[in-house]
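Next up is one chain by itself, shown in structure tokens, the form predicted on its own.
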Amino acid sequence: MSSYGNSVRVTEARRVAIFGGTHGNEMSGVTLVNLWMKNSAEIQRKRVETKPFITNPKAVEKCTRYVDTDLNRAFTPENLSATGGDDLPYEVQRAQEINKIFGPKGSPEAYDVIFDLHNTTSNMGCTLILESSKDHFNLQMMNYIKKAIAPASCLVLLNEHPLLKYSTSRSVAKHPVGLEVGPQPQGVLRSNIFEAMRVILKHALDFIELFNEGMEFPPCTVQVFRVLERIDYPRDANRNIIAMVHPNLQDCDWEPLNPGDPMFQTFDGKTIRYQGTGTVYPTFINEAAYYEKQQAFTTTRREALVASAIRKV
């Protein structure tokens, strides 16, 4: 009998994957997954089969974000059902292969949990990415991780905006979890970032083991930052960038940005101020990989989500 009257029943998470190299120049995930592919003892838990996997090997070999197109935006229904074989972009072919191994996406046969490991050049620290506010299993896991690593910080980014769906590689799983750790330059391995990622994965796998063994997790409240919109750099009529992230905003991920605060600085030194109607919390500030995506930063709002008690079916 459950101790919590309104607990959500969740199937055991028996099949777990850890993805590294979705972006081939984000070195913490690449290095950890390669390490675990040689010796997986560190990531094995009772009642759990954990599979480390390099998602984009050609990009890893070239130490570049991708070869033809961004793999972490490639898992759309159109791409996963596309025909054309070797004529398709490499990452679309790879998405189809990954979907066959770990999916099919949206099916009962899909993997239970996929952790997708990323680095950011932004000053975001440790960030867990949640794709659904209704995923009580993931909310409980993230609450467990946050408590386990305290007083160190691990924030939660909720990517649930209806117009900003990313079709991520992890979305193949029933419970997709993104992990961003930074700041770290592309193609570089920093020991503190590497260890922070490793510790978070340890606690995530510990949570899954405890859940599978029958531990019930009581209701909890998790503070998240909900994605609102992407803010582009100021541009001229030819779409050339004409301003930089303002020094007052640079490296201030997760700190409040209020109406009237400096946001950009033009090349001749003029300040462009934030014109929004209320306080937001920017993140992915000046991310190197997002220049091609016309994104200077993402705005979020802070809110509290209540996770129901969970226990296994």
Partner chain sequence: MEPVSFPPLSRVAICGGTHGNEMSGVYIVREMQKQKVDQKGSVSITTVLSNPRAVDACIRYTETDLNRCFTDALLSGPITDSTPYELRRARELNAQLGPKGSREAVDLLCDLHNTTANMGMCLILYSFDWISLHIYKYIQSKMTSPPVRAILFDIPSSEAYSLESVGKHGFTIEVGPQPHGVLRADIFNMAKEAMDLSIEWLQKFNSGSAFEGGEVEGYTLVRSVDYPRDPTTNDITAAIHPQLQDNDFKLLHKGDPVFQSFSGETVKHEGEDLYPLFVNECAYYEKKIAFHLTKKITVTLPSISVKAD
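Residue numbers count along the first chain shown, from 1. Just so you know, these numbers come straight off a predicted model, no measurement behind them.
Just so it is clear, the following notes concern the form predicted together with its partner chain, a form of the same protein that is not shown.
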Quick one: which of 30 to 38, 274 to 282, 49 to 57, 65 to 73 gets within 4.5 Å of its partner chain in the model of the complex, going by heavy atoms? 30 to 38
Report the residue, out of K105, R230, R198, H161, that has at least one non-hydrogen atom within 4.5 angstroms of its partner chain in the model of the complex. R198
Just one of A110, A148, I241, A82 has a heavy atom within 4.5 Å of its partner chain in the model of the complex. Which one? I241
Answer yes if any heavy atom of Q186 is within 4.5 Å of a heavy atom of its partner chain in the model of the complex; otherwise answer no. yes
Can you work out whether H203 and its partner chain are in contact in the model of the complex, taking contact to mean some heavy atom pair no more than 4.5 Å apart? no
Is F194 part of the interface with its partner chain in the model of the complex - any heavy atom within 4.5 Å? yes
Answer yes if any heavy atom of D236 is within 4.5 Å of a heavy atom of its partner chain in the model of the complex; otherwise answer no. yes
